[in-house]
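To begin, one chain is listed below as C-alpha cells, in the form predicted on its own.
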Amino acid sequence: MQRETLFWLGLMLVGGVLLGGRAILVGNGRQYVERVTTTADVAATEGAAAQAVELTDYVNIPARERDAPGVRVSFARTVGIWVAAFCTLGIMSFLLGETPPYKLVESVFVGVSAAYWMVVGFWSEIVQNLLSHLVPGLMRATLLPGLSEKTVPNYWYVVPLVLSVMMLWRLAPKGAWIARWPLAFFIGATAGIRLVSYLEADFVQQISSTILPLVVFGADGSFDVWASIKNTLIVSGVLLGLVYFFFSVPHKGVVGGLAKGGVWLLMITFGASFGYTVMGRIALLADRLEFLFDDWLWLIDPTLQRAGM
C-alpha cells in the first residue's frame, strides 16, 4: 500500500473518531422533525365525488425545541447531513491534489448524476412523451393511471422512436454508422431552431434595445436628465465597441482614439462579468462553509436554531 494512501486512511480514521466523539457528546449533525398532518381537497372525477384527504409530512424543527412533545430525531435526514458534509470535504480536498476522497466523491457524483438524468429522461421523455401517445391505453393501465381518457394513439411518434433506436445502434458491434443519420438530423434540427431564437434574442433584440432617444422628456414634459445620460452612455458605448471591431479602416487618428475607447469599454465589461462570476462562486463557497460549521458541526449559530441549549 502506498504511503499516500496510508496517510489519507489514517487521517480519515482519526477524523472519524473525533467527529464521532463530538456527535455523541454534543449531538451535532442531528436533524429534528415533527409530524404535521394537513387536509387537502381532491377534485371530483368521473364516477367519484370530491373528498378530503389527510396528508402527512415531517417538518424540520430547530434543535432548541428538541424536548418539545412530538419532536424526534430524523435518522434519514441526519444521515443526509453527514453524507453531504463528507462529500463537501471530499471535493474540497482537491486543494491538496487528486486525493482518494476527492476521486471517490467525484466518481459518486458522476455516477449519481448519470443515473438521475437517465431516470428523469425515461419517465419524462420515453414514458410520458412517447409511449403515452403511442399506446395510451397500456400506459393508462400500467405506468400512467392518471392519463386523460381523451388521449388517443398518435402514430407520428413512431418516427422519433425509430430515430432513437437508430441512434442506439452505435452501441452494436456492427452497423455503428447507422447512428450518424439520426444524429445528423437532431443536430441540424436543433441548429435551425436555435438559430431563429438566437437571431431574435441576440441580434434583433439588442439592436432594438440600442435605438434609444438621447434626449428624454418625462410624462409632464420636463427634461429627464438621468434617463438622457443613461441612453447616451448606452448608445455611445455600443458605437465605441463597434468602432474597435471595424478593421476596414486603420486605427489611427480619430478612429484610433475611438477604438481605444472601445477597448476600455470591453475591458470594463469583461472585468465586471468576471467579478460577478467570482462573487457567485464565493457565495457558493460561503454557503458550503456555513453548512459545515452550522448544520453539521454546530460551531456557529447565525439563525439561533440552538439558542439556549
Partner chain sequence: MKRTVPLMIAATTGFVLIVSYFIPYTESWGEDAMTWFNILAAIAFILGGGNLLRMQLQKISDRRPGWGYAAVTLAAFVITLFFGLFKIGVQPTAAFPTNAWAAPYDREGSALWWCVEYLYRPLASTMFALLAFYIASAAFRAFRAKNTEATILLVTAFIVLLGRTYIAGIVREWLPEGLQSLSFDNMTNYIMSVFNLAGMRAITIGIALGVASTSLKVLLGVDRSYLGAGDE
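Residue numbers count along the first chain shown, from 1. All of these numbers come straight from a predicted model, not from anything done at the bench. Whichever C-alpha set is largest while still superposing within 1.5 Å between the two forms counts as the rigid core.
The same protein also has a form predicted together with the partner chain, omitted here; what follows describes it.
Enquirer: Considering non-hydrogen atoms and a 4.5 Å limit, which listed residue (V73, V135, A84, V216) is close to the partner chain in the predicted complex?
Expert: None of the other options qualify; the answer is A84.
Enquirer: Of these, A68, M279, V254, V249, which has a heavy atom no more than 4.5 Å from the partner chain in the predicted complex?
Expert: Checking each option against the partner chain in the predicted complex, the one that comes within 4.5 Å is M279.
Enquirer: Hey, in the predicted complex, is L299 touching the partner chain, heavy atoms inside 4.5 Å?
Expert: Output for L299 is no: heavy atoms all beyond 4.5 Å of the partner chain.
Enquirer: Taking the shortest heavy atom distance, is V14 within 4.5 Å of the partner chain in the predicted complex?
Expert: Looking in the predicted complex, residue contacts with the partner chain do not include V14, since no heavy atom lies within 4.5 Å.
Enquirer: In the predicted complex, is there a heavy atom of the partner chain that lies within 4.5 Å of any heavy atom of K260, even though the partner is absent here?
Expert: It does: once the partner chain is placed as it appears in the predicted complex, K260 has a heavy atom within 4.5 Å of it.
Enquirer: In the predicted complex, does L18 come within 4.5 Å of the partner chain, counting heavy atoms only?
Expert: The answer is no: L18 has no heavy atom within 4.5 Å of the partner chain.
Enquirer: At 4.5 Å, heavy atom to heavy atom, what parts of 75 to 98 sit next to the partner chain in the predicted complex? List them in sequence order, or say none.
Expert: In sequence order, A76, R77, V79, G80, I81, V83, A84, C87, T88, I91, M92, F94, L95 come within 4.5 Å of the partner.
Enquirer: Taking the rigid core as reference, does G256 move its C-alpha 2 Å or further between this form and the one not shown?
Expert: Passes the 2 Å threshold, so yes.
Enquirer: Tell me whether Y155 is among the residues that move between this form and the one not shown (Cα shift of 2 angstroms or more, core superposed).
Expert: For Y155, whose C-alpha is compared between this form and the one not shown after core superposition, the shift is less than 2 Å.
Enquirer: Once the core is aligned, please say if the CA of N60 is shifted by at least 2 angstroms between this form and the one not shown.
Expert: After core superposition, the displacement of the N60 C-alpha between this form and the one not shown reaches the 2 Å mark, so yes.
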